[in-house]
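To begin, one chain is listed below as structure tokens, in the form predicted alone.
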């Protein structure tokens, strides 16, 4: 197997905060502990965990927004925790690993859509023609080419998120991390962003890491990682992870709704065969069971 594009070894992070009503005391809040994780080029990974589990902290460590308090992170073979890691190295890593945040307003910086998408490539010092080509290509990928001259603040939440994604695509990263990027969207906007994730992964070859609390989103990924109380406790295919529904329940998570329904029916004695990860699979499994049950 090839060298992973991201590798974490015994990764940990502890937040330090001032204790209330005192000028000197500091409180340490562990967020991640002893995380070992390898991400390979072209993978489509979902990261799950309840609120406060540490999954967003992991995202910020992989994008170097935070610096680990223990362990190592390697990006494309480079040790980003090395004491000799320079500003130029940091800039290079952030070109390789892009991040789309939960609130698109935090990533929109210009008053015109195409200028916003061009912001990243301009900071790379690219020629004007290359910038123009990248902006056009990125807007086409997210189906927002007809909004190039619009004001971002007048767009819907889903449209704003697509513009934020286009701004990252225009930087041509190897990896894009989506940190709860669908959490503030309505179901239609959420479905559109997930469609773009899959398109980027399968058609553009970009490694996608989707940090989410939507089980239906995670079920569409090739691989699912589960973090609980700062520790990585599950790592496998979506089918493997969601087959252990009892464990998911113990840590405050659920399987996708279709899988939960079929799991409950099986517990009640119904002999339902077949997969039930995605909505489509669950519908097919239930329809097949009803047909066999009638006959």
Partner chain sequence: MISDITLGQFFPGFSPLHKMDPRMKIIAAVIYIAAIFTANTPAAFALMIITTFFMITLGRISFKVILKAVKPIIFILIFTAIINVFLTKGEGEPLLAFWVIKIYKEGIIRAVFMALRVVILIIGTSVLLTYTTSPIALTDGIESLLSPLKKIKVPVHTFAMMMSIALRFIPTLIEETEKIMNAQKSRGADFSSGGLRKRAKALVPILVPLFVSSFKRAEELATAMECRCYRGDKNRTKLKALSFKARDFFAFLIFSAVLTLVILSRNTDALIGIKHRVLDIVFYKL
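Keep in mind it's a predicted model, so treat the numbers as computed, not measured. Positions refer to the first chain, counted from 1.
Another form exists, predicted in complex with the partner chain; not displayed. Remarks below refer to it.
Taking 211, 168, 193, 175 one by one, only a single residue has any non-hydrogen atom within 4.5 Å of the partner chain in the predicted bound form, and it is 168. For the candidate set 202, 128, 78, 72, a heavy atom within 4.5 Å of the partner chain in the predicted bound form is found for exactly one residue, namely 128. Segments offered: 203-211, 137-145, 217-225, 99-107. Contacting the partner chain in the predicted bound form at heavy atom distances within 4.5 Å is 99-107. Proximity of residue 122 to the partner chain in the predicted bound form: non-hydrogen atoms within 4.5 Å are present. Although the partner is absent here, residue 149 is a contact residue: one of its heavy atoms lies within 4.5 angstroms of the partner chain in the predicted bound form. Though the partner is left out of this view, residue 118 does reach within 4.5 Å of the partner chain in the predicted bound form, counting heavy atoms only. Using a 4.5 angstroms threshold between heavy atoms, residue 85 stays clear of the partner chain in the predicted bound form.
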